[in-house]
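So this first bit is one chain, no partners, the form predicted alone, shown in structure tokens.
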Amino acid sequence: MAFASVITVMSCILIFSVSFYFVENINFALEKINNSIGLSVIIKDDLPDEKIDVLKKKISELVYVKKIDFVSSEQALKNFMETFEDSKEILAGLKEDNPLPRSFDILLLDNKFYEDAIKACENLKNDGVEKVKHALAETNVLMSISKILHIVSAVMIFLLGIISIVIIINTIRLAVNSRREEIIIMKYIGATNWFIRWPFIIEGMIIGFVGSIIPVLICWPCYEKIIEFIYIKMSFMKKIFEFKSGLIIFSELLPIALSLGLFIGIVGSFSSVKKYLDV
């Protein structure tokens, strides 16, 4: 029965671990996209160079600005041509007549300040700002997806925890039931409730510990192998999607899984023994 209990805990923690790896990677991807979204402030063509420095200083003094970079017309054209590298011959004529303006690329401390940053930059039009390019709609969508994902993750973890506890309680109850006569005899000869309860709680903790650490240790190398396989078979994925480090996820998952396993084992044993103590 102890083996059956360990297998049950392992199954529940394995499902939880796989879900955790999946959710962590989605959150990681959303966070990277969210952090890479910034503002582009277009500078007026007739603004002198010395006033550009003044404008840069004013923008950098905004409390929610993390980083600001000046992009010259030449650099903007170079970046544009690198993006459309396959069309270099068509774009070659732009070198003689560069239509791209000077600008500031701004990265914010947190995208919750996105609207405030847009308004603040637009208010600097008298200081040389032509217009502000932004991705407000896309940012709002990403933030909404992130919130929904966090809620779904919390609900999923909660449901898995409840299901695990119910299964373990029933499994351990069968193990305790096979020793009910021992419990009743110990109770009749004067053993206290806690004297009887502790061996079962310790057993439940061992079952929870073993049942939780094994799937976590299995998931880590499997995750690394899956990532390696994806990158080998689909090399383009390296450019469009970065997986979160297996070591980082493992370090986050291990204490959660062990705590959940121990909690399930303790609650399962405690509740299973309780009904046999009332004699």
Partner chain sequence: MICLNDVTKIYDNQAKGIENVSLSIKQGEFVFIVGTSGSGKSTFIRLLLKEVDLTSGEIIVSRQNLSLIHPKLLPYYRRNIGVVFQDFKLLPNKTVYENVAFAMEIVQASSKDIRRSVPAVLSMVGLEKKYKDYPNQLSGGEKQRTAIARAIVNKPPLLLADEPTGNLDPDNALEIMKLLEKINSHGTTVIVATHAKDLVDSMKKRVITFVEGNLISDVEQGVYDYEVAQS
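What you see is a predicted model, and the numbers here were worked out from it, not measured in a lab. Residue numbers count along the first chain shown, from 1.
Quick note: we don't show the form predicted in complex with the partner chain, though the next part is all about it.
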Of the listed stretches (190-198, 145-153, 112-120, 125-133), which one has a non-hydrogen atom within 4.5 Å of the partner chain in the predicted bound form? 190-198
Closest heavy atom of Ile163 to the partner chain in the predicted bound form, within 4.5 Å or not? no
Contact of Ile157 with the partner chain in the predicted bound form (heavy atom, 4.5 Å): no
Is there any non-hydrogen atom of Leu107 lying within 4.5 Å of the partner chain in the predicted bound form? no
Does at least one non-hydrogen atom of Glu138 fall within 4.5 angstroms of the partner chain in the predicted bound form? no
Of Met186, Ile202, Leu77, Leu174, which one comes within 4.5 Å of the partner chain in the predicted bound form, counting heavy atoms only? Met186
